[in-house]
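Only one chain is included here, represented as structure tokens and corresponding to the form predicted alone.
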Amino acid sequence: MSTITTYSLAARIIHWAMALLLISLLLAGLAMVQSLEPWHLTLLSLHKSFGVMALLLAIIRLALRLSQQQPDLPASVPHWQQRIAQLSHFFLYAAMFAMPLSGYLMQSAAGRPVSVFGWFTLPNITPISMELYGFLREMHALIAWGLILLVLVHIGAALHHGLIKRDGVLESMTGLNFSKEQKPKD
């Protein structure tokens, strides 16, 4: 059983940075499939660069998770809910890797370069194939919808724990006090 009650500062910073980045990337992806406006190519270029950044942050985040002790869920959380939380975190991590990798492979199959902020270009690693591109594009979209669902469930669970149950779960990632026991004012 863990004795810590909050995630490390590094884990909290990367969690919130990735939350903003992933939500931005998902919204940009939705905007790109809805429009062929002149800004589309600029947004696509930024989407690719920030997608690579998201993959790098996911690697760092996973390394932090594996190397640092995590706070336990409160004893008031039933075992079956703890198991669901573990599975949802597993799928969130899987999606954080699958999303940028499927995007990179998709671009590679289309023969399109993935330039990262103009600093360097990732090599194409698949044969150019419109069939493969189409498959990977569909996979990228399905993973995106799955990730959107997981993020919404994650946010809902966090808010439920923080605002309704007030059991310290949300506090462990925010550092804010949502618990039932309020500290007396001086």
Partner chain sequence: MAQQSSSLALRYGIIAVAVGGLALLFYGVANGLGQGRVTAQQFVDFQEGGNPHLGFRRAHAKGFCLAGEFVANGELSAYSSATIFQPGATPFVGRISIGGGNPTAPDLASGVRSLALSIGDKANLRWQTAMNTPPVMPVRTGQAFFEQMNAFRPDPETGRPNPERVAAFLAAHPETQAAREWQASYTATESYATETYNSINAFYLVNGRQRQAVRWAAVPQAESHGRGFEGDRDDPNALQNEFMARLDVAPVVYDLVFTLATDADDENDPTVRWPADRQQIVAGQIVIHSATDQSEGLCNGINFDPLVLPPGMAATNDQILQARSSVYAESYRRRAREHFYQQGME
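Keep in mind that what you see is a predicted model, and the values were worked out from it rather than measured. Numbering follows the first chain given and starts at 1.
Keep in mind that the form predicted together with the partner chain is missing from the display, and what follows is about it.
Just to confirm, with a 4.5 Å cut-off on non-hydrogen atoms, which of L62, I125, L30, L56 contacts the partner chain in the predicted complex? By the 4.5 Å criterion, the partner-contacting residue is L30.
*Check whether F117 has any heavy atom within 4.5 Å of a heavy atom of the partner chain in the predicted complex, and answer yes or no.*
Contact check for F117: no, nothing within 4.5 Å of the partner chain in the predicted complex.
Heavy atoms within 4.5 Å of the partner chain in the predicted complex: does F50 have any? Flag for F50 set to no.
>> Is R166 near the partner chain? Define near as a heavy atom within 4.5 Å, in the predicted complex.
In response: Contact with the partner chain, yes.
A10: heavy atom within 4.5 Å of the partner chain in the predicted complex?
Contact check for A10: no, nothing within 4.5 Å of the partner chain in the predicted complex.
task: Using the arrangement in the predicted complex, list in sequence order the residues of 98-112 with any heavy atom within 4.5 angstroms of the partner chain.
output: Contacts from 98-112: A110, G111, R112.
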